Each structure stands twice: as C-alpha cells, then as structure tokens.
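Below you'll find only one chain, the form predicted on its own, shown as structure tokens.
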Amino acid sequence: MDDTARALQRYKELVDDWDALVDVSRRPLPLVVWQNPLRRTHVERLAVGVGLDRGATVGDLLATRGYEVEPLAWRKGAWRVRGVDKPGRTLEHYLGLMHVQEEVSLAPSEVLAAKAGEAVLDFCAAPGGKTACIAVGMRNTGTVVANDLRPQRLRPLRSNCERLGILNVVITPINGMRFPLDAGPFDRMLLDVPCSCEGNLRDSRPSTRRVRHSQVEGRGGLQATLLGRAWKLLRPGGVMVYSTCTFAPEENELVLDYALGEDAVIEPFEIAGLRHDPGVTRWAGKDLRADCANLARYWPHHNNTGGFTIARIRKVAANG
C-alpha cells in the first residue's frame, strides 16, 4: 500500500468508491484559471490585437496559442487548460487578466457570496487566491480584510492584489487567536483554517504526499479556537464559511460540533455542476449536531479536483 492509499484508508466507509478516490488522488491536478473581471478592458484590447472580437474571453486568448481550453461547468469565466507548462509566464497572467487557482478552492468564495459594499474578513487568507475571488466578486467595493499570522505568507497575496488591480483589500498580519474584537462586526467571513491538507494529495510536491494521523488529530484544538474567536467578530445574521482542504471529521464536523452554539445554523447549499457528499453526524462513536449533515465534502474522484470540505454557517440574530 502506497502513501496515497494509506492516507485515505480511514475514509473507506465514508466514500462511495474508494478505489476511484485512490486512483484519481495519484494523478496530477488539472490546471485551472479564472478571468479577472476587473481587467475586462485589457482583455478586449488584447483580443482585438490578435484578431478576435471584443467579446472574447481569456479562454479564447489562450486557445489562439494552441492551448486546449475547457470551460468549467459550474463557474462562469473559468477554464481547465492543458498544454501550459508555466502559466505564470503567460502574458495574460502577467497583465492580471487571469489567475491560476485549484478548481475546488474556488468553491468557498462562491458559497460565501459576498456582496458589493460589505465588510468581509478572510481570517486565514494566505496565499490569497480565495481573497482575490471574494474581492473581485465585490467589484472592488466594500472592504475585505485579509489576515494571516505569518507576514511572509502575505507577500504573494499583496503581489497578486497589485497584479489583478484589486483595491478593496486591507492586509493584516495578526495572530487569529488574538484578533481584536473591536475590528468587527463583519457581514461575512471566510475561515479557511490551517489543516492536515489531505485534499492536496494530488499536489506534485513530495511534502504533500504523506499525511500522518497525528497531524489530523492535532489540528482540532487550533481550529476550534480560531472558530470561537472569529465567531465573535461576525454580526448577528452574518454568514461564515468554514472550510478545509482535508476530509477528516476531526477537523470539520467535530470542530463545528464543539465550537458552535445555539446561535449558529449550518445551512444547506448546492453549487450546480459540482457534486458533493453530505457531512457526517456520527464519528468515532460520538453523535454530532444534526445540521453537520449540511456540510459539503468534495471528494477528488467526483469532480476530478482536489479535496475540500465546506460549511456555510449563519449567526442567528438575538431575536431568532
């Protein structure tokens, strides 16, 4: 049994086709890019320059170079691209017309659905792909506070904001466990917590191929602490998206069950075209809150992506 199968074996009873999960987890991820709507005028100019019409997309531009381009079924303005060895060296990337991001990691910002003019906190933001999705979705209005503990991890976030023309992001290097409560309240919040990264097994870096059970068990306390702090910063009626790139209930449902109180509701959601399995309400002999079933677990073999787990949580107002 190789490292991939060993890392996934504990989920054999949760998944519909364990062999398919192991098989796809041994293969590299498809390359995915999304078009930056803030650079629409630049896309038009470049399109006209290569003989395309003004309504052309970044996908059309890449196709003129001979790259194989396939639109994502579930997200407008994003494509799987084959034949590009170094997408960061393309003109479209350099000019900020597009951003490279793993497909399923686009889902949290879709679920968060931040609106123009809102105050949003991305609590563990680095390296910043999700921050960028949120900010451009808000059309450069409102405020997105992008926070992360380690300043060096915020450098690519700052660089990407500049490249993409994002103006509504404020970057803060604060320990999330001590994030100042008077900075809130926020309308929406993304809490993409540090995790054991089981969902990144398809990453080509050798360091992601081995996940120890101790890593899974050792994260829950930190995740629950961050969730408790972040919850205090969310306004009544506001929405938090809690997400991890891991499958472990110890880092997902068990954290939510432990940290959330009666003022929280885990809401159901669907992303048309992106399949997910429900969360568990019992694990390791422990019964969990019933609405943990509304958590979404994205297995790699269902959508040919990495793995991800997402919960959409609403803070119930004091009057119910």
Partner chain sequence: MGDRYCPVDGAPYLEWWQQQFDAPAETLRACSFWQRGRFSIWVAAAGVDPGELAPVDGVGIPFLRTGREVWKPTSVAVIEFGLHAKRNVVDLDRDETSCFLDREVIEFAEDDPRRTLPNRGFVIARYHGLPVGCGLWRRGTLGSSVPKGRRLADVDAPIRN
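Treat the numbers as computed from the prediction; the structure is a model and nothing was measured. Positions refer to the first chain, counted from 1.
Quick note: we don't show the form predicted in complex with the partner chain, though the next part is all about it.
Student: Thinking of Arg45, Thr143 and Pro151 as the candidate spot, does the partner chain come within 4.5 Å of a heavy atom on all of them in the predicted complex?
Tutor: Yes, because Arg45, Thr143 and Pro151 each have a heavy atom that approaches the partner chain to within 4.5 Å in the predicted complex.
Student: Where does the partner chain sit in the predicted complex: which of 224 to 232, 246 to 254, 163 to 171, 191 to 199, heavy atoms within 4.5 Å?
Tutor: Of the stretches listed, the one contacting the partner is 163 to 171.
Student: For Leu91, is any heavy atom within 4.5 Å of the partner chain in the predicted complex, or not?
Tutor: Residue-level check for Leu91: yes, a contact with the partner chain.
Student: Given that the partner is absent here, does Leu95 sit within 4.5 Å of the partner chain in the predicted complex, heavy atoms only?
Tutor: Answer yes; at least one heavy atom of Leu95 falls within 4.5 Å of the partner chain in the predicted complex.
Student: Applying a 4.5 Å heavy atom distance criterion, does Trp74 contact the partner chain in the predicted complex?
Tutor: Trp74 lies outside the contact set for the partner chain.
Student: Is Ala290 close enough to the partner chain in the predicted complex to count, meaning some heavy atom within 4.5 Å?
Tutor: Output for Ala290 is no: heavy atoms all beyond 4.5 Å of the partner chain.
Student: Heavy atom within 4.5 Å of the partner chain in the predicted complex: which of Arg275, Arg27, Arg54, Arg65?
Tutor: Residue within 4.5 Å of the partner: Arg65.
Student: Who in 14 to 42 is close to the partner chain in the predicted complex, meaning a heavy atom within 4.5 Å?
Tutor: Arg39, Thr41, His42, in sequence order.
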